[in-house]
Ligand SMILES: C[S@@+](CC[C@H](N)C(=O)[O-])C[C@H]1O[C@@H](n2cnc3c(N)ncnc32)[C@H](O)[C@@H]1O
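Shown below, as C-alpha cells, is a lone chain in the form predicted on its own; questions about how it binds or moves come after it.
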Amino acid sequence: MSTEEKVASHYTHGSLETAILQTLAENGKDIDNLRLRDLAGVDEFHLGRHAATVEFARDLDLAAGLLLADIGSGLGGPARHFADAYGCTVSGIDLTDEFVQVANSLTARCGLADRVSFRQGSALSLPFESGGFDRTTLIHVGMNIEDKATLFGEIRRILKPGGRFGLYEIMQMREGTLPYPMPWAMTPETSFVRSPAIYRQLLEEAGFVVELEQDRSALAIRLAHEARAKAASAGEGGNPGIRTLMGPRASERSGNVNTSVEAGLLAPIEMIARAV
C-alpha cells in the first residue's frame, strides 16, 4: 500500500455523512437547509478551528471573483467560508474520496454548490490547468506529505504570476520526539512534520517569496482551553464533531497535539507566499 493509500485509509470513516447529519439533527439543525454556522465544530479540524480560518482568510487578501484552489480540502469548512464571506469561487481537492463526497453534500445543503466544488485527487499531481488560480490554500495537510518540493511545485504551477499561496500547517519548532497517535497519523509512518525553515526554503525553491509568517499557537492554546472548560462544565466528553471524525481515540489524539503545542515542540504556523 502506497503512502497516499495509507493516508486516505487513515481518514476514511465509512459512514461519515450519516454520522455528521445525525449529530446535527440531534442538535436541532435542519439538515436539508443548513447554515454555515450550523456546521461549527463539525467541518474544520485544524488547530484554532473557525477562528483561525477567519484570520487566515483576512491575510490572503481575498475578494469577490477570485479563483481559489483549496488543497487537501477535507470536509470543506474553510472553502465554504472563503466563498460565503468573500465571494470567491473555490475548487477543493482531497485524497480521501469520502471527504470529497461529504464536502460536496454539505456544500449543497448550505446552498453554495454554485461557488464551491470538490474532487478527489492527489496534491502531488493536481488536476488543474497551469496558471488558472488567483489563490491557493493548504490547511493542515503537509504533515501527511513527505515530498513537499513536488507539492509546492504543483501549487506554483496552477497559480497565476503574482498569485498568493496561503498555508497553515503544524510545524516542528525544536528537537524532540512527537507523541503518537496524532490527529493526522496514528504512527510516524505517515507523518512528515517539518520546521518553518524547511518550509521557507522549499517555497523559495519552488518560485515563491514568503511575505508573511505568523505563529498561531496562542490562539490555538486559548481555544483548546476554552473548549475543554466548556466540555467539563457541561459534563461532555469533548467535541462531538471531533469524536465522529477521529473515533474512540479522539481525546488522546487531540490531547497529544495540544500538549505538544503548549510545550513548544509543535506550532500551527501561517505563511503567505507570492508566486514570482
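If you're wondering where the values come from, they're calculated on a predicted model, not measured in any experiment. Residue positions are given as counts along the sequence shown, with the first one as 1.
Below, we refer to the form predicted in complex with the named molecule, which is not included among the displayed structures.
This chain is displayed alone, yet in the predicted complex one of Ile269, Val7, Ala275, Ile272 has a heavy atom within 4.5 Å of the named molecule; that residue is Val7. Checked against the named molecule in the predicted complex, the residues Cys88, Ile139, Ile155, Ala103 give one hit for a heavy atom within 4.5 Å, which is Ile139. Within 4.5 Å of some heavy atom of the named molecule in the predicted complex lies at least one heavy atom of His46. At least one heavy atom of Ser73 is located within 4.5 Å of the named molecule in the predicted complex. For Gly121, a non-hydrogen atom is located within 4.5 Å of the named molecule in the predicted complex, even though that partner is not displayed. Interface membership of Asn144, defined by any non-hydrogen atom within 4.5 Å of the named molecule in the predicted complex, is confirmed.
The candidate stretches are 95-103, 202-210, 128-136, 172-180, and the one lying within 4.5 Å of the named molecule in the predicted complex by heavy atoms is 95-103.
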